[in-house]
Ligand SMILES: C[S@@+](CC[C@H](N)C(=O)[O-])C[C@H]1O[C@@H](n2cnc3c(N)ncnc32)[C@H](O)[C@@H]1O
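Below sits a lone chain in structure tokens, taken as the form predicted alone.
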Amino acid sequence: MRTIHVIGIGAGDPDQLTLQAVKALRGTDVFFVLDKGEVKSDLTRLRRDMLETHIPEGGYRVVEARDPERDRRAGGAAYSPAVGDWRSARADIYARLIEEELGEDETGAFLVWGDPALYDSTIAILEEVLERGRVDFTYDVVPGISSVSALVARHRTCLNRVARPVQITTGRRLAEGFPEGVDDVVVMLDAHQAFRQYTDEDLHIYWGAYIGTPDEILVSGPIAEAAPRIERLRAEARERKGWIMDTYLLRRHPKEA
């Protein structure tokens, strides 16, 4: 029976891999990596650096495939179908890689940024592959340090306050309105900087980009003061690298315990 590890590798720092993740890495024969093109080639390099750091003796294979493009123009009612089409295209690739590149008694692995259980599609895609019945395998999931955990650690703060909830959402949802009944909101996947519409509110922002990598950028402070700086730094970084991954925590009434 083929075996697959879905390994959370953290936000980018090789030192943030858990002992469980390192053990899974060292028990893997084939690593599957989806290449996102020349612009994001440093993401592939970071993965290879992690392997070289934690498996210095080698003895494994790395198989790369081109990641299918997702229709990022789709919005509203078309958003979910577009994501579904993209996941199915990925499932086609996953099935081919597992069937053709992994022996019957070998172990393969997908290296997932952050934590596989938080805003990642790998688990759902593998389930789709199994449902199709083209190739059979068993898989497990190794949790990782998410960008959310790394963000608050780097800012030396906490996600929530005493007896208060915290909500994790997307930039698309935040643009529709600040969540009700919650004063601490983590925002991911915000390509359009939805925080800008809240600069007149009593909010504190903890923002980070490329967290855990040598390119890390951190900004925190009252949102009215921090937002212009974040916009400038974000634009400069995107121009320089061609892509950006960032997340942030918005805290309402920051002076309240």
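One rule holds for the numbers: they count along the sequence shown, beginning at 1. In this text, all values refer to a predicted model and were calculated from it rather than measured experimentally.
Not on display, but discussed next: the form predicted in complex with the ligand.
At a distance threshold of 4.5 angstroms between non-hydrogen atoms, residue 118 is in contact with the ligand in the model of the complex. Not displayed here, the ligand is approached by residue 146 to within 4.5 Å at the level of heavy atoms in the model of the complex. The ligand is not drawn, but in the model of the complex it has no heavy atom within 4.5 Å of residue 223. Among heavy atoms of residue 205, none comes within 4.5 Å of the ligand in the model of the complex.
For the options 30, 34, 188, 227, the one in contact with the ligand in the model of the complex, meaning a heavy atom within 4.5 Å, is 188. Just one listed stretch, out of 209 to 217, 44 to 52, 57 to 65, 192 to 200, contacts the ligand in the model of the complex at the 4.5 Å heavy atom level, and that stretch is 209 to 217. Of the residues in 230 to 255, those that come within 4.5 Å of the ligand in the model of the complex through at least one heavy atom are, in sequence order, 245, 246, 247.
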